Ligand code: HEC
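Given as structure tokens, the chain that follows is alone and in the form predicted alone.
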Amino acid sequence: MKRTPRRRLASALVVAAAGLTLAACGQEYPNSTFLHNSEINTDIIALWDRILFMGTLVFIVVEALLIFTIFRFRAKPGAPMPKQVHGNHTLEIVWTLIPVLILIPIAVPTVKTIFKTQAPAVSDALQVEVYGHQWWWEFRYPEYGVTTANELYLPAGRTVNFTLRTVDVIHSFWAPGLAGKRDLISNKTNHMWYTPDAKLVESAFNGFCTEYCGESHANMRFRVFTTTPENFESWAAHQNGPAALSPGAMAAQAAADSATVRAVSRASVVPAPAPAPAPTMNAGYVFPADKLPAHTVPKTPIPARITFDDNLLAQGDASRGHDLMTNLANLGKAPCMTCHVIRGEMALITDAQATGPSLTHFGSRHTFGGGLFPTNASNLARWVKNAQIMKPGTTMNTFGIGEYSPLMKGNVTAGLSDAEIADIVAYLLSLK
């Protein structure tokens, strides 16, 4: 039997309805905003539930009246012309008052929620300055002197006040598991605040830019890590320190090692100098990798056209990588310090002038590239070699010799060999 267009449409609608029904049967919605993880989300959920209830009630009543009217007053053979009601003031007043009475229980809680979410944060809130870049996020903690990128650490149970600014175009800051979204607008400072629930220790959430901002808008992501206040203080204290292998860090490590040697010598029965312990860099608190939920671990594919001999990564030397990145004589080959800040090294720019993320404790981050790739040696080597292929639109230079640079529209002639890139990767991963 030949199927008519109407039958085909009905079949398609049945399949679509079945698909939606099955999709609604899932149990986990990690990026849902309908989670009671902060007072802001709780208020938004309550408002949504009220509006959904009122809207559903109005829909049922209106549809019931419509169906009743269709059948009760349908045209009948020989029936007289229906009575005209135009100009019936009583009827007009009634159908004006009914919507007003319906809207009042919706409008009042809506206005209350708006005023609550727009009110200033409490005076002792943690201050976090958020800067949107094309296409990555910068987070500054002014009371701790910390600047980091794409990973936001928050103490559970403490209110956080976000100051939102953009350095280029409009962006929108949204971590749906914790609160609603708020825009970052040129020449304007916006604010938002929320309190991660005290139960959210060792929790991780995805964050996104939700305002189209250019070629890599979909690749502008971040992670939020909530932990105990003690762990947060540990993280912030270490993030405020200099980078590993920088003069400041090495001097501090040497002093600590010397103090340890003196203490061991005084406690030793044999009056002989104790061997110096192997240098170590205390990374402070870092969100445990084994507690990262699967939905927060990026699975972005690496372009096959970027080749790299991963065997070289085992031979990478952090000291050589440090010299490549921080020696001003290498600005022609590896001009890292003209875009990035590494605390403890000679700074050509400030955090406010940097066009790239701070690299001070880069090795302690779980992701890079605007939250697009897991931080590991293999991914990082290919990023350094040709970031413009891995993330379209990025302003990160292409450093691999012979690589095609979409930004420069040509091949790189004065760049880095794979062995040099392996050294830089070893250095970056040492920045715990």
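Quick note: we count residues from 1 along the sequence shown, nothing fancier. Fair warning: this is a prediction, and the values are worked out from it, not measured in the lab.
In what follows, reference is made to the form predicted together with this ligand, a form of this protein that is not presented.
A.B. asks: Of Trp136, Phe162, Phe287, Phe308, which residue is found within 4.5 angstroms of this ligand in the predicted complex when only non-hydrogen atoms are counted?
C.D. replies: That would be Trp136.
A.B. asks: Using a 4.5 Å heavy atom cut-off, which residue among Phe362, Tyr153, Phe205, Phe173 comes into contact with this ligand in the predicted complex?
C.D. replies: None of the others qualify; the residue that does is Phe362.
A.B. asks: Can you check whether Leu380 is within 4.5 Å of this ligand in the predicted complex, heavy atom basis?
C.D. replies: Residue-level check for Leu380: yes, a contact with this ligand.
A.B. asks: Contact with this ligand in the predicted complex for Thr56, defined as at least one heavy atom pair within 4.5 Å: yes or no?
C.D. replies: Answer no; every heavy atom of Thr56 is more than 4.5 Å from this ligand in the predicted complex.
A.B. asks: Counting only non-hydrogen atoms and a 4.5 angstroms cut-off, does Met396 reach this ligand in the predicted complex?
C.D. replies: Answer yes; at least one heavy atom of Met396 falls within 4.5 Å of this ligand in the predicted complex.
A.B. asks: Can Leu428 be called a contact residue for this ligand in the predicted complex at 4.5 Å between heavy atoms?
C.D. replies: Residue-level check for Leu428: yes, a contact with this ligand.
A.B. asks: Select, from the options 45-53, 59-67, 29-37, 386-394, the stretch whose residues sit within 4.5 angstroms of this ligand in the predicted complex by heavy atom distance.
C.D. replies: Careful reading of the contacts points to 386-394.
A.B. asks: Within 4.5 Å of this ligand in the predicted complex, which residues of 408-432 have a heavy atom? Give them in sequence order, or say none.
C.D. replies: Leu416, Ile424, Leu428, in sequence order.
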